[in-house]
Structures are given as structure tokens and as C-alpha cells.
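Next up: a single chain in C-alpha cells, the form predicted on its own.
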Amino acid sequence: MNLENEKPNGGGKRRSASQWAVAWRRFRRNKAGVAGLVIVLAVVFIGIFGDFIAPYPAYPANGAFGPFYKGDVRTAPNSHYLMGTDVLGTDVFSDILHGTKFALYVGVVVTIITMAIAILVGAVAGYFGSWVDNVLMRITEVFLVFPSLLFILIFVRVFTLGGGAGSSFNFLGISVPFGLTIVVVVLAIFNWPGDARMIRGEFLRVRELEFVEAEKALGAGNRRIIFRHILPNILSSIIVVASLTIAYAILLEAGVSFLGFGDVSTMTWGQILENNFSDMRIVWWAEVFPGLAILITVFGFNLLGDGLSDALNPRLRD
């Protein structure tokens, strides 16, 4: 743990700053990381309030086709339609705002599922070692050698054709598209092996440290050692990987939807690209603006991940 001495007011005693306080001070000095944080916060803000900002409701609601009913189909950007209208006759600006919450939903949920599986597999394999490690790592390698994108496309198409597309379920008062959730689960299932190997390596390193041996000598159980001692010591690495996984998940879902394998009833950024691709020469704005939304969001999370990596790196000293 990195410590920093500070003099309190009116006294000669010094107190130590926590590891997280030191990390935050380092992070604030990283201009790229701060820029990434600003972008991410802006995306989160739009994801939360985008439905209230958008001039038109979300597709496929009838109100989303307001421009179509006015005859404004394939309309170039102007003062009324800031980002133009697409081939369906919907407002591109509204679609991007509505799609922001779906991008965050994909990134966050894929990351939660991915990291949960990766932590479980990596922790068990790295801590217990021996035949347990061999079995789990062979399973991990099987997933690694799969042509993951091909399997993702196949599984998504099979499950979404099974009735998932078009329906939704209610979670904490929020309507969640069932078809998009199927896409999210499939992406997470094929996304955990690399993170599991990283976590396994961290467990192999930390389990040999003296404080772990001391806990074993005092009779601490395996569960306590894993979750109370080793896992908190590698939490910084997990946070960095999680931020980068969010960006990767958003990009991967956009690619899957662009290839025509997404939830057609949900206007994600990738779905906007897919809908207008055949008429790209005519409605170039319907490709450029969603592409920029994906680019800026992924870039922001990558900058944030790099900034966190530098701030939380225990090998760095001030």
C-alpha cells in the first residue's frame, strides 16, 4: 500500500493517506484519464436523461415516426433535425440519445457477468492450483481457441429467432429489451477467458506473499483468505480491466448489430448503422453520427482505463 505523510493543522503528528486517496491524486494529474472520465460521465448523463432530451420517443413507438408522417425521410441535417433523418423516417439525433442507455446497458451488464465468471474461475484456479488449476485452465483454453465472433453470431441468431426479439421484461421499473439481453448474455459467455487468466496470474502471485501464509498459519479458511485478503489486493487490476471491458462490449455489440444479428426491435447504435448501410451514399449522416457516438464512448472508456491503470499501479511512486 502506498502511503503519503501529511501534516494536520496545528500539530506535528503526521497521518497516512489511504491507497485510494493517493490513487485519486495521481489520477487527477493524468490529463488523458480525466478527459476519459469527463466523456464517460457525459455519456452516463445522456443515458439517464436522454429520453427526456430527445425530441421524439424511442423506436418502435409510433411517435418515433413523426418525421416520416411529415414527409421528412432521408432529410439532411438542418436546424430542425440536427443530425438529419434516416431511411425509416426517424430522427437520428433522437435515436442516438435513446441508444445511449442501451450502449451503457450492454457495456455494464456484459462486464458484470464477464468479471463474475472470470473472478470465480481465476480465483479458484490460482488459489488452489494443482489439478483444479489444470482442469479450469483447459476449459478456459477451449473458449479461447473458439472463433468467438462466429459462435456469438450463431447463438445470437438462434436465440433471437426463438421469440426473444420484440419482447421486453420489467426490471426495477425499467423496461429491458429481451432480445438485447440475449445478445448481452451471449457476449459475456464468450468474453471471460482472457480476464480469468489475468486474475489467475494475480492470485498465483499474491498467494505466495507472507501475509497470506500468516493467515493460513492462524487457521483462516480458504473463503476468508480469497475474499478478505487476496481479492482486495488485486481489486485495482480488476477495476482497470472492467473499464476496458465495458468499451469492448459496446464495440462488439455494435459490430454484431451492424452485421444484422442484433435485436431489430431495439434502436441501438449498431442497429442504426445496419438500417442505413445500404443507402449510405444518400444518408451518410445516419452512418457518421452513430459511428462518432460509438467512437467517442469507446475512446472515453479506454482513456479512463489507461488513467486508472497508471493511478492504481503499485509500482509507481511519487
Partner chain sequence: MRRLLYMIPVAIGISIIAFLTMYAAGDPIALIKAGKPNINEATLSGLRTYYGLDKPIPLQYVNWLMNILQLNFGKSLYGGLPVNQIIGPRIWPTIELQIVSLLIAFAVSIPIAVQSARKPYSKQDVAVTSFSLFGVSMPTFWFGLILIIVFSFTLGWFPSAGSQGVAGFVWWGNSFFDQIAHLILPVAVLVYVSLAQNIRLIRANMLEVLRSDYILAARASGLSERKVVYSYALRNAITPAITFLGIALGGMIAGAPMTEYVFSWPGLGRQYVTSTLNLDFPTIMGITMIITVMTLIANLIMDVLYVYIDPRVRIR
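Residue numbers count along the first chain shown, from 1. Note that the structure is a prediction, hence the values are computed from the model and not measured.
Just so you know, the form predicted together with its partner chain exists too; it's not on screen, but the next bit is about it.
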Open item on the list: Let me test this: is every residue among E274, E287 and V298 within 4.5 Å of its partner chain in the predicted bound form, going by heavy atom positions?
Closed with: yes
Task: Answer range among 141 to 149, 113 to 121, 81 to 89, 225 to 233 for contact with its partner chain, defined in the predicted bound form as heavy atoms within 4.5 Å - done: 141 to 149
Open item on the list: I need to confirm a contact call. Of L259, A54, V264, L37, which residue comes within 4.5 Å of its partner chain in the predicted bound form, counting heavy atoms only?
Closed with: L259
TODO: Select from the listed residues A76, I154, V132, A214 the one whose heavy atoms reach within 4.5 Å of its partner chain in the predicted bound form.
DONE: I154
TODO: Look up in the predicted bound form whether L209 has a non-hydrogen atom within 4.5 angstroms of its partner chain, and give yes or no.
DONE: no
Task: Distance check, I294 to its partner chain in the predicted bound form, heavy atom within 4.5 Å - done: yes
Task: Contact test in the predicted bound form: L303 vs its partner chain, heavy atoms, 4.5 Å - done: yes
TODO: Please check if A249 has a heavy atom lying within 4.5 Å of any heavy atom of its partner chain in the predicted bound form.
DONE: no
